[in-house]
Structures are given as C-alpha cells and as structure tokens.
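Only one chain comes next, encoded as structure tokens, the form predicted on its own.
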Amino acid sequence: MLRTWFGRRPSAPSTPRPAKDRSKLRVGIPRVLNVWSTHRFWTAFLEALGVRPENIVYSSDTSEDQGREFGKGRGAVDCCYPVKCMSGHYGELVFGQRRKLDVILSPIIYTLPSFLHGHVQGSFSCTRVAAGPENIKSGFLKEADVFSGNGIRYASPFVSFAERALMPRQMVKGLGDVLDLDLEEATKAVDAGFDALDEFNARMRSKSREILESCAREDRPCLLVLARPYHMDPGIGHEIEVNVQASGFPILWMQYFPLDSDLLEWVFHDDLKSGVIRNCFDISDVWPSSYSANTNEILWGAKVAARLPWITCVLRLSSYECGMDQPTYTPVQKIVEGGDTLLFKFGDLDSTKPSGSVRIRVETIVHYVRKSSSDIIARKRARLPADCPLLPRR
C-alpha cells in the first residue's frame, strides 16, 4: 500500500515547445542616453530571440531637423537637453519609417554595466536619464495613444545592468507580453546580450591600448574625453572631439580606456605603494559618494589622465544645466591640472552648435597641445617607474 501511495510514477514524456517565430517582428530602439553604451546588448538580445538583424531599427543621430520634423508639439518640460531630444527619436520611429515597426523598445536603465562596479558604492544611472522614457512617452499619449494608433506596441522594461542575475526576470516582466517571452528564453538572450557587450567593450579597449602604445613609441600626445556616453551622439556632443582629431591628435574615450592590469598598476604605482588606494579602480581618495556610474567613471578617468604621460590634454564635455555633472567640475579640474595635464571644458552644450566659438576653441586646444605636450610628457614620465608596459621590452 505504501509503495502504491508514495511510489514515484514515471512522468509523461514532455512535449517540446514549438519554436516562436519572431523573424518578421520589427523592433525600433531610440538612439538616446545610455543606449549609447549598451546598444550591443540590445542588438544581441533581440537577435538571440530570433529577431532578424535587418528588423532591428535604431533612430538616427540627434539633429535639429529630427526634432522639428518628428518631435514638434510632443516635447517634455525638462532642462536636460539629452532627455528633451528623445521626442524627435520617438517620432522618427513612429512616423519616419518606410516599413512600419511592430515594437518600440525604450528601456528604463536603472543601473549600468560599469567597469568600476564592485569597487564603488553603486552604479546607478542618472535619475533624470532613467526616467526619460516615461517622461517622453507622455507626449505621445496626451491627446491620443500615438503608438497603438499606428499599430505599434511600446515597451519600456526596467533593467539593472549592474545586477546581471536580475535581468532575465526584469525582461520577462517588461517584455513578456510584447515579445511572448518566457524566463528560459530571456535567460539565454540576456547571456547572449552580455557576451556581445563584453566582447565589444574588450575590442574597443584593445584599440585604445594600440593607440597608447603608438603614442608611447613615438612620444606623441593624445587626448582623453571625459563625458557621458550620449555625448558620442553628434547632436549632443557636437563632434568637438572629431574636430580636434582632424588636427592629427588621437582621441580616446574614457568609457573604452584599456583596463589591463600591467598598465593600470604602472600608472597607479605610487598610490598603490603608499596605500592611498586599495586597488587601481578605487576612487575613494577623490570621490567618497560614489553612487553614479557615469560620474564615477569620469572621476576615475581624471585620475588616469593626470598620471599617464601621453595623455597631455583632457576634453570635458557636459550638457547645459546637468545637475549630475556640476559637482564634478572642480574635483576634475584639480585632479587633471594637478597632474600637469591640460584641461578644456565645454560645460553648456545644448541643442545648437555655436560653430564659430567651437572652431576658435578647437584652434586654441590644438595650439596648446602642440606647444606644451613635450614638456608635459617629460614631467609625467619622470614620476613613473622606468619599465613602461606600453613600450616594447628591451
């Protein structure tokens, strides 16, 4: 009797789930804010779910024409221009496509995949930036639901890149109905997304290392950009770094600075030896309230620029009235200039590009880099150990 009651009966053979065909699904993603540093994740995530690459559509770079044509009358009251310009991106995805989209995916990114995560107090996104999708969406719902009226489903999953284990369930909650997504699929797709993002970041950092090695061999200067990811957008950063690079000086972005241990231990040799910092990613000596991912990386980049000899100049880009950036202006200036490094700040970037003044400032930057770089390299090089990992071994 006990064997009858408690005996384990053979389970019925499981029926394989039918494959979900998403090959014809067209997904649009606004090219805005922190999508600039996570885009490879989103592309690979969707491809892993069966969305064809040609059906993953990013909006174009920010421009005044885009805002006038597609965002007019749907703007948000916000002093942050990178958030305000999202209206043009949303409108372009709704009204500016030859082939209609099925889904607009605009994630609420709560925490970011920062290389400093684990060494700082937090890796949070700017709250205004994180809330941007909900803010801008309201402009397309105030009179009528523009999305559903055009046969488009709007999806805005809340995601925590710094907590990878949470991402699959967050994707199911935010995209489950829209993409018919289950947890097993989400887990595999999230893994594929992170693999692609990690590979892209590693490749970009390898290219940056090659540039630094070239500068070290030839004893020539390069410049480091300290900015938020969306300043790579020509409509937000106005291609200031491109104009400088056109004069012959290589440009590095702090987001893709090489993280090789041999290089960082050489750069931070004195600080590590004296115990000022615990490791090469420790910024507690200059920034005790280290909760914002992008802010943390800007402060860390300032420390690197102040020490590495061939970075003779820093370009600091910031948008008009950026509340997250304003507290960093003085610390960044003191760190960079305290390391005998040039600093040029563009702190009020907005929708319009003041071509004349930018051109004059670029000419000024180029003049001082040419004039001062050899002395800067010599002074900074004298403070570091002789065995430089960027130079070939003798």
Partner chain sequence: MATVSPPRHYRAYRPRPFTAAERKDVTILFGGLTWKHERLVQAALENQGYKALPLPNIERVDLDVGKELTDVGACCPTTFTTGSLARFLRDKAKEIGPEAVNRNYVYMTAGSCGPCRFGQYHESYTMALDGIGLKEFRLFLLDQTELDQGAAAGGGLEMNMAFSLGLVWGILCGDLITDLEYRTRPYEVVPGATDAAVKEAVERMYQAFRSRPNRGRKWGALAWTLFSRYYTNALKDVRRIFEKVEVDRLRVKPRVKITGEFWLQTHEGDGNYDIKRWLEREGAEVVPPPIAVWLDYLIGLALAELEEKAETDPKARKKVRIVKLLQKAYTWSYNRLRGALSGIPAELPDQKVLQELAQPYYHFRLNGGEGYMLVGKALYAHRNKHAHMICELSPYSCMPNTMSVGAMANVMGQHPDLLYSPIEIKGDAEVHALSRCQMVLTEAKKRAQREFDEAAARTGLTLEKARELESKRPGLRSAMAPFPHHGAAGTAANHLIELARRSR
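None of these values were measured; they are calculated from a predicted model. Numbering follows the first chain given and starts at 1.
Below, we refer to the form predicted together with the partner chain, which is not included among the displayed structures.
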Quiz item: Would residue 124 sit within 4.5 Å of the partner chain in the model of the complex, counting heavy atoms only?
Solution: yes
Quiz item: Can you check whether residue 337 is within 4.5 Å of the partner chain in the model of the complex, heavy atom basis?
Solution: yes
Quiz item: Does at least one non-hydrogen atom of residue 287 fall within 4.5 angstroms of the partner chain in the model of the complex?
Solution: yes
Practice problem: Answer with yes or no whether residue 330 is in contact with the partner chain in the model of the complex, where contact means some heavy atom within 4.5 Å. | Solution: yes
Quiz item: Do heavy atoms from each of 69, 259 and 356 fall within 4.5 Å of the partner chain in the model of the complex?
Solution: no
Exercise. Could you tell me which stretch in 187 to 195, 216 to 224, 317 to 325, 244 to 252 has residues with non-hydrogen atoms within 4.5 Å of the partner chain in the model of the complex?
Key: 317 to 325
Quiz item: Just one of 281, 110, 200, 266 has a heavy atom within 4.5 angstroms of the partner chain in the model of the complex, so which one?
Solution: 110
Exercise. Scan 182, 134, 177, 210 and let me know which has any heavy atom within 4.5 Å of the partner chain in the model of the complex.
Key: 134
Quiz item: Taking the partner chain in the model of the complex, which residues along 364 to 387 bring a heavy atom to within 4.5 Å of it?
Solution: 375, 378, 379, 382, 383
